[in-house]
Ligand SMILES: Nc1ccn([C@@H]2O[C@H](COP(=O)(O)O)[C@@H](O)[C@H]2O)c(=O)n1
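Okay, here we've got a single chain as structure tokens, the form predicted alone, with questions on binding and movement later.
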């Protein structure tokens, strides 16, 4: 089913095959896809250059003053190494991630960002969905398979990226950090609970209402690029099978083992959706 590829690693290929066969037997009407967004559905790099996350799209835009850009960069340089440090526990990282996101959001609110300029900022950015995204989004839509996106990014920007790519279909639901604008369309705050890289499980559990309607879909395909993404399906009740595909984009050698221990399939420095697409085609009978 998978082309032999140097980027694809599995700790237990037999187990992957068993899960896939069980899921296929159940039929595509029992399937839901739960995915992270930044660096999972979007590219990590293009032509040797890092691609922006939802936050980066704003951070690098003309809506942000140079002073604010400097402060955001300092935050990134302080906290990103902590986020990907495999020697620290999640418990240890948790308060620091909250600190990072909260400070970043406070800085953005100070910039009085205008809602009507967000589309332009996305259009002018270098954000890119992974190669093969049309097949991924369109195939899920054609087969009425729900796609739930959990993101620690900014929901308004994320939706705009998908919209501009022409694939924001009715089966897509997004759980993310949304901006709150005042009457004149200026950013005044962020709505609701903060979603960051390590509390997606809470996001999943808080949104069990959405999962209720998906109870007839006990088979989950999960896509992520961090170990924090592994809890995104925790709101799914009566789960029968879950196949976890992890994109390992960065610091490969020191993180590879922990990814192999946690994800069923690990894709190393793979900028495409070829493997998830192959899985989808298999599960929907288009072998």
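Positions refer to the first chain, counted from 1. This is a predicted model, so every value here is computed, not measured.
Not on display, but discussed next: the form predicted together with this ligand.
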> Heavy atoms within 4.5 Å of this ligand in the predicted complex: which of the stretches 161-169, 120-128, 74-82, 139-147 has them?
Replying inline: 74-82
>> Check residue 247 for me: does it contact this ligand in the predicted complex (non-hydrogen atoms, 4.5 angstroms)?
In response: no
> Would residue 190 show up as a contact with this ligand in the predicted complex if we use heavy atoms at 4.5 Å?
Replying inline: no
>> With a cut-off of 4.5 Å between heavy atoms, is residue 55 one of the residues that contacts this ligand in the predicted complex?
In response: yes
> How about residue 217: is it within 4.5 Å of this ligand in the predicted complex, going by heavy atoms?
Replying inline: no
>> Can you list, in sequence order, the residues from 98-120 that come within 4.5 Å of this ligand in the predicted complex, counting heavy atoms only?
In response: 100, 101, 104
